[in-house]
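Two versions of one and the same chain are coming, encoded as C-alpha cells; call them structure 1 and structure 2.
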Structure 1
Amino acid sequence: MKSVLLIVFSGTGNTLLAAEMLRDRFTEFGIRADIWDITGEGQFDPAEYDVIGLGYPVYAFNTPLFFLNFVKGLALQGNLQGKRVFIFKTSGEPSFPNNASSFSLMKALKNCEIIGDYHFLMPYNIIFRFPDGLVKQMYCYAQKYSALIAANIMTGNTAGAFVPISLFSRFISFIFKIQGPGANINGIFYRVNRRKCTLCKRCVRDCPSKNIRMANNRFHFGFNCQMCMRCSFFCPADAINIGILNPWRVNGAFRFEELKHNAAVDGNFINGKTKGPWRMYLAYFERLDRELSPHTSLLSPKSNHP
C-alpha cells in the first residue's frame, strides 16, 4: 500500500478535521495521502490510489444525500471498481442508530472491498454547544483514533473496524431519512438579520450546495439546503436564522488546538464518575481505550498525540 485518497464532505469542518488527522498519520507512516473535499476545488483520479477513504458527517442517522449521491456517481462511472474502501464518519453522539448511517453508502459500494466503518465523536454544530472539556476530550481521542485507523489500514487489521448494524437501527435510520427533504423545506425559511449582518457574504461563498444567493441587495435561500449549518455556524455576526430549528442554532467554531493545550480545561470530562445523560458517552471512550491499548507500538512516535 503506497497511497490513500480521502474523499470528504464536511459541513462545518469536523469531518475535514478527521480527514486531516488521517492524512497526517498516513504521511508519518510514509504513505502518500491526499484529501478531496467534494465542495472544494481540484480533481483526483481514484484509480491512482491503492485505498479510498470516504468521510462524512452523520445527518439524522444517515449519510448526507449530498455525499451519498456524489459517491454513487463515482461508483456508476466505475471509478471505485474493485477498490479497497474504508468509511469514516463524525457525529456528536454514540447512539446506536448511527451504526446504520453507512448502510446506504455501503450498498452503493457493492463493487468495492469495504475494510472499515469508523466513527469519530466530534461536537455538535446544532442543538447546543458542547462543554469545553468534552470538546477537548473528543479532539484528543480523535487524534489517537486516527493513528489507530491508519495502522489498521496499513496492516489489514479489521478488529473493531465495523459495528453491528441491527434491523432496529436500520429501521430508525430509514425513518429519519425524512431529514433530507425536511432540510430542503426548512432551508427556504432561513433568514438574515440585516441589523446584525455585515454583508461579508461568507454564507453565499461557502454554501456547499450553492443554496444562498444575493440579488437586489437581499439574501435568497433556495430549495437545496443540506442543513449542514455552515452558514449559521460560521457567520461572524451570528445573523442567520435557521428557520424552525433556530432555537437550536449554534454559532462559532470550536478552538480545538487552543483547548488541547489549555491545562485549565479538564479533558477527562467523561469518566467513570460521570452521571446523567453524559454517561452515554462513557462506553465509546472505554471502547477506544481498549482498542488503543494493545497497539501503542503501531502509533507513530512522530505524531503529536496527547
Structure 2
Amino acid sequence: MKSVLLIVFSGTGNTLLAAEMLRDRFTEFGIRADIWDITGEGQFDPAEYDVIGLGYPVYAFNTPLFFLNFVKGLALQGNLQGKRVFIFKTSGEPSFPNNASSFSLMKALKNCEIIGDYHFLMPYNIIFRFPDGLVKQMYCYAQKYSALIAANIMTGNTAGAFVPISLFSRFISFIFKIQGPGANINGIFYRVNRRKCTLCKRCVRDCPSKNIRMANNRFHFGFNCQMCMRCSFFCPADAINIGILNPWRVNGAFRFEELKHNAAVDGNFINGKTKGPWRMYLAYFERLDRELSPHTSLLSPKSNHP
C-alpha cells in the first residue's frame, strides 16, 4: 500500500483535524496521504490511490446528507469501484446510535471493500462547551487512535476496526433522519446581527451548500441549510444567530495543542472514579485503551503522544 486519499466534510474543523492526524501518521509510516476537503479547492482522482478514507461529523446520529450524496455521486460514477475504503466519523458523545450513522454510507459503498469504520470522540464546538480536561483527553486519545487506525490500515488488521451497529441503533438513527428537513427549516430562521456584522461575507463564501447570499445589502438564508454551523462558528464578529438553537450557542474554537501542553489541565478527566452523566465516556476510553495496548510498538515515536 502506497497511498491514501482522505475525503472529508467538516463543519467546524474537528473532522478535518482528525483527517490531518491520520495524514500525518500515514506520512510518518512512509505512505503518501492527501486530504480532499469536499468544500475546498481542488479535485482529486480516487483512482490514483490504494485506499480511500471517508470522514464526516455525526449529525443527529446520521451522516450529513451533503456528504452522503457526495459519496453516492462518486460511487455512481464508478470512482470508488473495488476500492479499499475506511470510514472515520467524529462526534461529541460516545452514545451507541452514533455508530449507526455510517449505515447508509456503507450501503452506498456496496461495490467497495470496507476495511474499517472508526469513531473519534471530539468535543462539540457549538451548543455545548466541554470541560477543558475532557477536551484534552479527547484530543490526546484522538492522536493515539489515529496512529492505531493508520497501523491497522497498513497491516490489514481489522480486529476492532468496526464499531458495532445494532438493530436498535439503526432504528434510532433512522428516526433522527428528520434532522435533515429540520436543518433546512431551521436554516431559514438564521439571522445576521447587523450591529456586529462587518460585511466580510465569509459566511457567504464558506457555506458548503451555498445557502447564504447577499442581495440589496441584506443577507438571505435559503432552504438548504445542513446545520453544519460553519457560518456561525467561523464568523469573525460572532454575528450569526442560528435560529431555534441560538439560546444554546457557545461559539469558540478549543485550543487543543495549548490544552495538551498545559500541565494544570488534568487530561485524565474521565476515569474509574467518574460519576454521573460523564461516566458514559468511560467505556469509550477503556475500549481504546484495550485496542491500543497490544499495538504500542506500532505507534510512531515521532507523534509526540502524551
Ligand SMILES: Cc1cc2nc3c(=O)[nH]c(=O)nc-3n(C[C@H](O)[C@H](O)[C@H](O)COP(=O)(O)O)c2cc1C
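Residues are numbered by position in structure 1's sequence, first residue being 1. Quantities reported herein were computed from a predicted structural model and do not represent experimental measurements. Think of the rigid core as the biggest set of C-alphas that the two forms share within 1.5 Å after superposition.
Assignment of forms: the chain in structure 2 is the form predicted in complex with this ligand, the chain in structure 1 is not. Relative to the superposed core, I175 shifts its CA atom by less than 2 Å between the two structures. Relative to the superposed core, I126 undergoes a C-alpha shift of no less than 2 Å between the two structures. Relative to the superposed core, A237 undergoes a Cα shift of 2 Å or more between the two structures.
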